[in-house]
Ligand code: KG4
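In the form predicted on its own, a lone chain appears below as structure tokens.
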Amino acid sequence: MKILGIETSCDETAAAVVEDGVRILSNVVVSQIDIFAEYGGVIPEVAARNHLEVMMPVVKKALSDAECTWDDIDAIAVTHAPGLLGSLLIGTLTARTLAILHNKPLYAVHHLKSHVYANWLSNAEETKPVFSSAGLEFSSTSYAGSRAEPPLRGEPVRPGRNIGVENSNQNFMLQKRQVLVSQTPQFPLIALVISGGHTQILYMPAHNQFEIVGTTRDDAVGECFDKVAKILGLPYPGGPAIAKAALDGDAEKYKLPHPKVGGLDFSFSGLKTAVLRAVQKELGLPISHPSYDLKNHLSKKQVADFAASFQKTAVEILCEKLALAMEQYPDVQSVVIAGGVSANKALREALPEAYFPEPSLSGDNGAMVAAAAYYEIISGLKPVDPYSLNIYPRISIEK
């Protein structure tokens, strides 16, 4: 089964062809990061216009890279929620039109579900640097040949141990119950979704079954990375910028608090404010001093130390909640990390036994949409009517 996946929930225009939910035949992504880096964030109207300009060239290249014609495509999948209204509109209108023109079944996919299913995609080849939508200079990765099984994740461990976070010099890791770590995630599982404006813990007893057991009460961790980066004078997007700056920093330099939020919920607004106050204190400036000016007073070493200290604290908070989730759901067999923040190297090192998507598949892409649709199909979900499909800027994954 070959599925064309289309993704336009934010500022990436993406299309891919995936076979049987695991084998990537093509994966084309046009990013608008170069446009929005100047503004420090995404401008929805500008994003929608750029999607409109490149949408059909991206789809055509995805088909070309996969060496497919429309006769080879069995279904079309598209992100219909959540996301920026204008961006979602471009992707869904394109998918609806193509489904009607080529008489293909259409599947509407939740964005967070797609990120989770990126973990089922086979190992991706190294892609070239993300290309710009400016000038339509395409650079993509094609995947040919039979699916290669990913290597075993981790080494055998003693059975009978509970999954939990161990604190050894602040190095966290998940201990698995199984004697051997499986090649693919096993159900029931816990998924930590850390994507854009979302930070959630999901319990999945089986494919295409989602229960939200923890969520953020204010800022998502990705938003917190962006806001802290802005305080430190680092470029957008904040995640990669902080990770790079942290390489030269001392993660123990500044002690930052862990929000005291009950249960499996998160809160990152207080952490952002704690960084702001710590920077003002370090510089000997009053709390009334504007945050946008602090970067002009920070040395390169101070920026690196704050970046490292913040990143360490954010990773610890995520790991602590995962440990609590393991205690509350003792039947869980696997832990899956999904979303853009899953590309963070410090988080990957802290959770060596968790499942992560390939770094090139952590961000928004069409392959994950096609993979999610495949598991919807085999779970018995019916296609949607292309004449009446709607978009939802905000909707729960449980709907």
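Start at 1 and count along the sequence shown; that's the residue number. As the structure is a prediction and not an experimental result, all values here were calculated from the model.
In what follows, reference is made to the form predicted in complex with the ligand, a form of this protein that is not presented.
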Study note, to complete from the structure: Within 4.5 Å of the ligand in the model of the complex by heavy atoms, the stretch out of 64-72, 335-343, 38-46, 24-32 is 335-343
Review point. With the ligand left out of view, which of 119, 94, 195, 114 would have a heavy atom within 4.5 Å of it in the model of the complex?
Key: 195
Exercise for review: Find the only residue in 316, 265, 223, 282 having a heavy atom within 4.5 Å of the ligand in the model of the complex.
Suggested key: 223
Review point. Taking 4.5 angstroms as the cut-off for heavy atoms, does residue 357 touch the ligand in the model of the complex?
Key: no
**Study point:** 4.5 angstroms heavy atom contact with the ligand in the model of the complex for residue 259
**Key:** no
Check your understanding: Wondering, does residue 249 line up within 4.5 Å of the ligand in the model of the complex on heavy atoms?
Key -> no
Review point. Does the ligand get within 4.5 angstroms of any non-hydrogen atom of residue 213 in the model of the complex?
Key: no
